[in-house]
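In the form predicted on its own, a lone chain appears below as structure tokens.
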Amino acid sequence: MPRAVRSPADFWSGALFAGFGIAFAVAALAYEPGRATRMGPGFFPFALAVVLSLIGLATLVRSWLRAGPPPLGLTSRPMVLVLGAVVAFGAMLHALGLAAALCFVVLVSASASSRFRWPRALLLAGAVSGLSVLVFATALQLPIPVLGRWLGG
């Protein structure tokens, strides 16, 4: 890490964001980008990757300008819970459906926080699940089961 860095946490966050952004931008180049008026399948992923890279670069610059705390140590429990919940979502989507799988993901991911409280987590799970069903299944009419085969869908 360069010596002039005043906020190590911002430095490493910016480096991570910029690195992932650049990696995803390179991966998005494998798809046809199209044009702004007629977007191809690679346009949106590339645009998101560029935005992520710019956020990373801005955070890197901020690490030299503002003093900040050192990075916190990594703990394995939250990482395992959040990553496991995302993998489980993919595995459970067709069996349980969008609504139940999202509730599961939100509840398990929220439990990774030291500030976890059941009432707030249940409210968040219901809101995320309901809004996602409205947006993806109803408005966009994506072929995602709202209730999976295990729940009679």
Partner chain sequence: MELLGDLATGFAAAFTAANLLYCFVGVLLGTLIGVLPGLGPNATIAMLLPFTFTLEPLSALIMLAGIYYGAQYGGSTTAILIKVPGEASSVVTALDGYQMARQGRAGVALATAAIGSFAAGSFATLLVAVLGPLLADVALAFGPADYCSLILLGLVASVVLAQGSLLKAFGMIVLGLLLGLVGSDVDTGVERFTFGIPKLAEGIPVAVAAMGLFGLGEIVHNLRDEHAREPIARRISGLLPSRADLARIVGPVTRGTLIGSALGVLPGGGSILASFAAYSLEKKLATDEDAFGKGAIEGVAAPEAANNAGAQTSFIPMLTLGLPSNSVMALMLGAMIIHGIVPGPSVMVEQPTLFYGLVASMWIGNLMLVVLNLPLVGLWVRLLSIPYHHLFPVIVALCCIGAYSLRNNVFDIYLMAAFGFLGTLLVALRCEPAPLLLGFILGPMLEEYLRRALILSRGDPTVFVTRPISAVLLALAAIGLIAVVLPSVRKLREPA
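Values in this document were obtained by computation on a predicted structure and should not be read as measured data. By rigid core we mean the largest C-alpha set that fits within 1.5 Å across both forms. Numbering follows the first chain given and starts at 1.
Note that the form predicted in complex with its partner chain isn't included here; everything after this is about it.
Engineer: Does L16 make contact with its partner chain in the predicted complex, using a 4.5 Å heavy atom cut-off?
Structural biologist: Heavy-atom contact with its partner chain at 4.5 Å: present for L16.
Engineer: Does any part of A100 reach within 4.5 Å of its partner chain in the predicted complex? Heavy atoms only, please.
Structural biologist: Heavy-atom contact with its partner chain at 4.5 Å: absent for A100.
Engineer: Taking its partner chain as it sits in the predicted complex, is L134 in contact with it (heavy atom to heavy atom, 4.5 Å or less)?
Structural biologist: No.
Engineer: So, L96 and its partner chain: in the predicted complex, are they within 4.5 Å at any heavy atom pair?
Structural biologist: Output for L96 is no: heavy atoms all beyond 4.5 Å of its partner chain.
Engineer: Going through 16-50, which residues have a heavy atom within 4.5 Å of its partner chain in the predicted complex? Please give them in sequence order.
Structural biologist: Read in sequence order, the residues that approach its partner chain (within 4.5 Å, in the predicted complex) are L16, F17, F20, F24, A27, A28, Y31, A36, T37, R38, M39, G40, P41, F44, P45, L48, A49.
Engineer: By the 2 angstroms cut-off, has the C-alpha of A18 moved between the shown form and the other one once the rigid core is superposed?
Structural biologist: Yes; A18 is a residue whose C-alpha shifts (by 2 Å or more) between the shown form and the other one when the cores are overlaid.
Engineer: L29: after superposing the rigid core, is there a C-alpha shift of 2 Å or more between the shown form and the other one?
Structural biologist: Passes the 2 Å threshold, so yes.
Engineer: Do you see a C-alpha shift of 2 Å or more at V86 between the shown form and the other one, with the core held fixed?
Structural biologist: No, because once the rigid core is superposed, the C-alpha of V86 moves less than 2 Å between the shown form and the other one.
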